[in-house]
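Single chain ahead, by itself, as structure tokens, in the form predicted on its own.
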Amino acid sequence: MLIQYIPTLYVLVLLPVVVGAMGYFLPRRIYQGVLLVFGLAMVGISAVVFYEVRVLGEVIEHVAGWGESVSISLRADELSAPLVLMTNVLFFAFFVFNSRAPYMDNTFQYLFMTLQCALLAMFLSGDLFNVYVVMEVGMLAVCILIMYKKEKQSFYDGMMYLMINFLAMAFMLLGLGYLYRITGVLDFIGMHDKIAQINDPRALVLPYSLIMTAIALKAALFPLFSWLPRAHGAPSAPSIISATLSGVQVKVGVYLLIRMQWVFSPAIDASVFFAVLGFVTAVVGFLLAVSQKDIKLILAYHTVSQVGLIVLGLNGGTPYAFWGGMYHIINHAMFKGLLFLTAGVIIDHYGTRNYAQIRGVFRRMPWIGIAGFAGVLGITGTPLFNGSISKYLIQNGLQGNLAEIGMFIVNLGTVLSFVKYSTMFFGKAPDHVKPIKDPYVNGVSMVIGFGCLAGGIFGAQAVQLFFGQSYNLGGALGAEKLTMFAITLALGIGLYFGVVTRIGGFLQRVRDNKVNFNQVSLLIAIFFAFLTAYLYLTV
């Protein structure tokens, strides 16, 4: 471990909101230029921290020189450092992409910086109470950004997001208070050490269930995911907000799931529970995605599905599956962020969100079409693209048990959904749709698209770079893998044209079935009760 005297981690956390506040009253264009330079600097600082972690080991900083379990501490390690770098790179890319948007006034840009600050703090914080505080800050920033265009539906979606997350945060606050009473500390390492000394694991069941219920909602696990499509697919939510929420923000829940499982690991192991839950989430997510006509909702429900796949990998019980899940966090951030960005452009120019009314994207806006299709190839695990590598690792780690069959089902559902989504790239475009000439929009889209390709071609090197894990990934392009993908693609195309296109009435009933706040509250209580009962029976 390396204890830094130059507070690099605190600079990373505080710089976004400080720079945003100091330049707020500057003219819009000057303010935007300052934030662009600052964004590039943030990428550089996080790259330096990432390098230190990879070469020298864990980086720890304690405020005012106080010791562990007492001070506010920030920690960058093999899990958090890659996610911090990913966050800053994507925030910078999204900011450049959206730099000419008319709603990018100073208030919007400041809120965007506040969200960046909160996400970085959540990844770097070594204290559970600090995580709780910055989650609240991030939640308020997200709520305002969802409602920023001041349309009726966005107000409803934003308030639903806020109320549901307030309820989840109440569970977390109760859980961390209970845990503090038992252990006397809230530092992750301190809690882990104290829990190892507890003789009766059942004493920890209640705080574990309370905290994990909140985290499961943040990660959008079944059945606590209904908030995510409302927030990520909100009709008036700016495209970079949808991209940020789906690409980065939802990963906070997954990251905290890993952290808290480690904290409780001396007494409680619920990996089987979360592996099963991840599979169920992945299946339910793609089934709901297939039923949608709104392209942003197709993408939003597939975030639910892909998070389920990540959780399945992280709890698969093997290093292959775990690091495949970690690499899929980064891959999903890239291709899902790209898909939301390009979907927002398509919606703005076609004037509709209905995939059936969108055709000819390749012809009318070729750069957006190519970039968007690269995102499709990434999420479906097409050979040579980044998703194929992380899925290959997860699948290898799950070989020999039923989860391997579950992996095939999830892959098939993903392909089926994006066969439907991809129909809008082909055909003839309406005459009113104009080509995209914004170099920032086209340029950023293509760069991220090439990133999806590079993450597949250089997958072994990427896994080694980000996580220090060396695997032989030649099998990802082997005959067996290529054959399996071809079979999956053929089945997906057949199911779409043979089944999905013929059950429109059933799919309409699925779309019309909305979950209200009271039902969400009940589901949270049921999840908590079920997890508590499971732990009492198995611990």
Partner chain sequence: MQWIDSSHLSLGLFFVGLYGVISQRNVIKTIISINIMDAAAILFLITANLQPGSVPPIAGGDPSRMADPVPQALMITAIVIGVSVTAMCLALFIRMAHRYGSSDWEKIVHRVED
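Numbering follows the first chain given and starts at 1. Just so it is clear, the model here is predicted, and its values are computed rather than measured.
There is another form of this protein, the form predicted in complex with its partner chain, and it is not shown here; the text below is about that form.
Among Leu204, Val283, Leu176, Ile189, the residue placing a heavy atom within 4.5 Å of its partner chain in the predicted bound form is Leu176. Scanning Val444, Met139, Val252, Leu79 against its partner chain in the predicted bound form with a 4.5 Å heavy atom cut-off leaves one residue, Met139.
Heavy atoms of Phe527 never reach within 4.5 Å of its partner chain in the predicted bound form, leaving it off the interface. Mapping the unseen interface onto this chain, Gln153 counts among the residues with a heavy atom inside 4.5 Å of its partner chain in the predicted bound form.
Residue contact check for Lys514: one or more of its heavy atoms lie within 4.5 Å of its partner chain in the predicted bound form. Using a 4.5 Å cutoff between non-hydrogen atoms, Gly158 counts as a contact of its partner chain in the predicted bound form. Taken together, the three residues Ala170, Tyr180 and Leu522 all come within 4.5 Å of its partner chain in the predicted bound form, as judged by their closest heavy atom.
Proximity to its partner chain in the predicted bound form, taken as heavy atoms within 4.5 Å, picks out 181 to 189 from the listed stretches 88 to 96, 271 to 279, 181 to 189, 404 to 412. Using a 4.5 Å cut-off on any heavy atom, the residues of 113 to 133 that reach its partner chain in the predicted bound form are, in sequence order, Phe129, Tyr132, Val133.
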